[in-house]
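First, one chain by itself in structure tokens, the form predicted on its own.
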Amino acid sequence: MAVRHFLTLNDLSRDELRALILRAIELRQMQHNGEIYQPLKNKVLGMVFEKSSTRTRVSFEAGMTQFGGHAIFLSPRDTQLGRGEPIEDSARVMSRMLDVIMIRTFEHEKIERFAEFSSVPVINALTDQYHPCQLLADMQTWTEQRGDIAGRTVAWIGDGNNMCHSYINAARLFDFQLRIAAPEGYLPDTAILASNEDHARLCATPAEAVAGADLVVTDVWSSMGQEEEQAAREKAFADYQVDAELMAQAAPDALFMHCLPAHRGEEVAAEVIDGPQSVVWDEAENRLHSQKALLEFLLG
């Protein structure tokens, strides 16, 4: 049986994604009920971090522990990735010792090369191009709060980054309409947008994107590795803050999401992220449950 990887949402079918979301909801309820469920006993997850993260490490490590398995944290100081050993060789060696490998890195091409030579499933825990694990958590959160997202309207406000790219893919796979408001110079990849043109489109202003939307989503203006661009980005994104005035233009029962960490007063106002329409804390917790569902699916 061929090894299944999860490098983008496109690696799973629409039906598989929907089933995975429903399973994540079940796993969350089981965990909240204190049920012991250990399908991955004696399985080992390798967690390769070239970019640090709070939620990614805690959710994957806690998930493997709750499933009866083990997780090994590997920082840039702990591996030969990018320090002389070819990625292909690292993949061959690590996949002979581990049952599944999670990688959080910069170039998407790096994780694609690693997966090509890995004999076990490889999970994209974030690259510069995509962040599919976060979309699983977001779709789980929406489903718990509102049911099926098919036919709904989602507004993306801000940088056309890896999160935006994954939302573009999600729009087609989960059958919702995505409106994107991003400043010139920070638009999403044209090829990714074009391949999902029936479900995603660019808007001239945040107000146009948000009008009547069921879900409003944003992300930081400057991600890790973009610190030197901070001043330029603050200027470019000055009109792209999600505040109460902008949220008021969405549907009355619209939800707000943010993958975190958040910078209150920049991409989102405190009154929004800490307000009644925000579901960011459920969204953050659901990284744990949706990734457990993903691990269970990939390891069968």
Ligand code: CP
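Note that residue numbering follows the sequence shown and begins at 1. Since we're looking at a predicted model, the values are computed, not measured.
Not pictured, yet referred to below: the form predicted together with the ligand.
- Comment: 252-260 is the region of 270-278, 34-42, 231-239, 252-260 lying near the ligand in the model of the complex, near meaning a non-hydrogen atom within 4.5 Å.
- Looking at residue 55, you'd find a heavy atom of it within 4.5 angstroms of the ligand in the model of the complex.
- Although the partner is absent from this view, residue 179 stays clear of the ligand in the model of the complex, with no non-hydrogen atom inside 4.5 angstroms.
- Mapping the unseen interface onto this chain, residue 165 falls outside it, with no heavy atom inside 4.5 Å of the ligand in the model of the complex.
- In the model of the complex, no heavy atom of residue 118 sits within 4.5 Å of the ligand.
- Every residue in the set 104, 134 and 287 has a non-hydrogen atom no more than 4.5 Å from the ligand in the model of the complex.
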